[in-house]
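Only one chain is included here, represented as structure tokens and corresponding to the form predicted on its own.
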């Protein structure tokens, strides 16, 4: 049998994970439903004052996005660990960081992309300034892949632990805070009529840094956890 090229292996693994996610639609919907529920419950808790909701809309949306991302992190490698596929990936002739990137990309497509699509509707419900919609989408587009990439390292480190969920949260949450701060700040700055170039530049730097380092770190963590 002809061996797959690296690009073919990447797309094959990406397609496989997307198909598996579509077969488990209940798990696929969990992060999105959580995201929607958290945001819709906030007005009930803090009141329906339009001015207050408009001021805190950026923080609400990004806290909900961060928690929704954490909710789905375990799905990146858990099923592969349980059915033995992860061991096959470790034995593959292809570079493990590239295969890890394929799996993280699939995770973002099923967990991060839906948040990007539904965010404008929820922002409208919270009364976010219409001028900030574009920046909101841009921060989610730049920030949620960083959450998935960083989270993959934590999942790889805790994959062999029977109850690694709490440890996973403790590992990745501090690393998520800078993304949360700069994303919410960018939206608030634009809502105030000022440019958010500095904040968006930092988020772009986070994304490039995570793309460069996270797959390598995740691959090393998987080898350590499976050894």
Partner chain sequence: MFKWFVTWFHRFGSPPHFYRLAGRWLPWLTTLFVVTVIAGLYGGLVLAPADYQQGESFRIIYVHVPAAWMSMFIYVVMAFCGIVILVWRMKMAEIVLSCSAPIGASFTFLALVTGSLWGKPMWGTYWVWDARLTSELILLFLYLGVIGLYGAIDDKRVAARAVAILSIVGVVNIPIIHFSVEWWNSLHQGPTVTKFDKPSIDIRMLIPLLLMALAFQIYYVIALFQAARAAILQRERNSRWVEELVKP
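Positions refer to the first chain, counted from 1. Values in this document were obtained by computation on a predicted structure and should not be read as measured data.
In what follows, reference is made to the form predicted together with its partner chain, a form of this protein that is not presented.
J.: With heavy atoms only and a cut-off of 4.5 Å, decide whether residue 185 touches its partner chain in the predicted bound form.
T.: Contact with its partner chain, yes.
J.: Looking in the predicted bound form, any heavy atom of residue 128 within 4.5 Å of its partner chain?
T.: Answer no; every heavy atom of residue 128 is more than 4.5 Å from its partner chain in the predicted bound form.
J.: Residue 47 versus its partner chain, in the predicted bound form: is there a non-hydrogen atom within 4.5 Å?
T.: No, no contact at 4.5 Å.
J.: Evaluate residue 209 for contact with its partner chain in the predicted bound form, applying a 4.5 angstroms cut-off between non-hydrogen atoms, and reply yes or no.
T.: Because a heavy atom of residue 209 falls inside 4.5 Å of its partner chain in the predicted bound form, the answer is yes.
J.: Picking from 53-61, 28-36, 170-178, 66-74, which part of the chain touches its partner chain in the predicted bound form when contact means heavy atoms within 4.5 Å?
T.: Heavy-atom contact with the partner occurs in 170-178.
J.: Here the chain is shown alone; which of 157, 110, 135, 142 has a heavy atom within 4.5 Å of its partner chain in the predicted bound form?
T.: Residue within 4.5 Å of the partner: 157.
J.: Within 4.5 Å of its partner chain in the predicted bound form, counting any non-hydrogen atom, which residues from 197-227 show up?
T.: Those in contact are 199, 202, 206, 209, 213, 217, 220, 221, 223, 224, 227.
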